[in-house]
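Taking the form predicted on its own, here's one chain by itself in structure tokens.
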Amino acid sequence: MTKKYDIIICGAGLAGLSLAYSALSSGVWTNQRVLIIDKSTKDTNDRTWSFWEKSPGIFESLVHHKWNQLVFFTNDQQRIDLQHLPYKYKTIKGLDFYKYVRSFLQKLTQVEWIEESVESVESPGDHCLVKTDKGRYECKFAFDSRYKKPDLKYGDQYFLQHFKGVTIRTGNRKFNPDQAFLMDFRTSQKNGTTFFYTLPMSENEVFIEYTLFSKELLTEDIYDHELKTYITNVLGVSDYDLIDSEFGVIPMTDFKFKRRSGNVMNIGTAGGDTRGSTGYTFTNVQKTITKIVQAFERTGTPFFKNEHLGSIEKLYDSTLLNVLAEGNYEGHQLFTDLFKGTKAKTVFSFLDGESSIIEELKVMKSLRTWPFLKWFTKVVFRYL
């Protein structure tokens, strides 16, 4: 038997739950019967989202910590105090997000949540058909956030942003809980563009993430070794307790993701909401969700025309990825030039796709001209 709903959300991660919460809390889906399908119970802290923001967002109450001072360290030990205000850097724990949204949804009789593995999502006509390992479901509109590596075409770049993060507690050093190290390149660059995020949650508790932009993952022992080396030799922390850890991989690619197929909309990374040049996803997801909800309120459908990360942003991302792939302009030097030559608030505006032409020119001016001009020309030619 095929069960019927108005809307089906496949995947209860950041994108799926943000959509459900936004559409239902705003009253736009008041008369819609909604099914959420995910193979996981979402009862663990499987990830942490960090992002910059100028003003409080829809999930401000879930912000675990925020920082008003951001610092950048170069590979040769130089410190740069970033000029980023009015942007603040924030972090939200995955488990806090899951609990909050699920608690809200459980109060709504129109929402059903099942734990099954989605096998296919299709739009054979003016409806959608979702097949799982246990059943078949039909709806008017489906939203799919399941991600798998796409079939790349010749010339497509595909980097991995892979990281291991640990939360430690120590008594032999006091951290400034209002100051975070946004990018700390004081580490070996032999495995690719490599840096640390250092985010103090209090004077004696800090989240530290070892992050790389490369095309290959490392063995587990390398992540652990580099974290220990950084904590001991760079931060000067010799005695600490490990509180928590997490591991993740985010694609950084210029592949052209498809937003819509019939009445199926791809959201999250699967829909192109992960910025190819940075791997940041949280803010982009919220912007896409806002467009979907506004379209639904206006037309009764979730379809919108203009992506907030448009063609020019995609060209910029593809150019940067090709520059990194070529290897002549090392990643640590590229980001050092960027933050030395441009105020961080301008960089953030640029990466959010909200910059003016003047701001974009400032970003370009801070970087080496030839590598970017060469690859921008090639990328434009390829796109045309």
Ligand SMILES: Cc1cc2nc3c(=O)[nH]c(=O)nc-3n(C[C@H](O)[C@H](O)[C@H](O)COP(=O)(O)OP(=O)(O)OC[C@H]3O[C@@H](n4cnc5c(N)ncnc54)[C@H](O)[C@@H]3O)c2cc1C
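Residues carry their position along the shown sequence, with the first being 1. A quick note: this is a predicted structure, and the numbers were derived from the prediction, not measured.
There is another form of the same protein, the form predicted in complex with the ligand; it is not shown, and what comes next is about it.
- With a 4.5 Å cutoff on heavy atoms, residue 39 counts as touching the ligand in the model of the complex.
- Although the partner is absent here, residue 46 sits close enough that one of its heavy atoms falls within 4.5 Å of the ligand in the model of the complex.
- Proximity of residue 307 to the ligand in the model of the complex: non-hydrogen atoms within 4.5 Å are absent; the residue sits far from the partner.
- Using a 4.5 Å cutoff between non-hydrogen atoms, residue 146 counts as a contact of the ligand in the model of the complex.
- With the partner removed from view, the residue among 202, 83, 117, 106 that has a non-hydrogen atom within 4.5 Å of the ligand in the model of the complex turns out to be 117.
- Of the residues given (175, 255, 247, 72), 247 alone sits with a heavy atom within 4.5 Å of the ligand in the model of the complex.
- Stretch 46 to 54 is the answer when you ask which of 46 to 54, 61 to 69, 312 to 320, 23 to 31 has residues with heavy atoms within 4.5 Å of the ligand in the model of the complex.
- Heavy atoms closer than or equal to 4.5 Å to the ligand in the model of the complex belong, across 281 to 313, to the residues 281, 282, ordered by sequence position.
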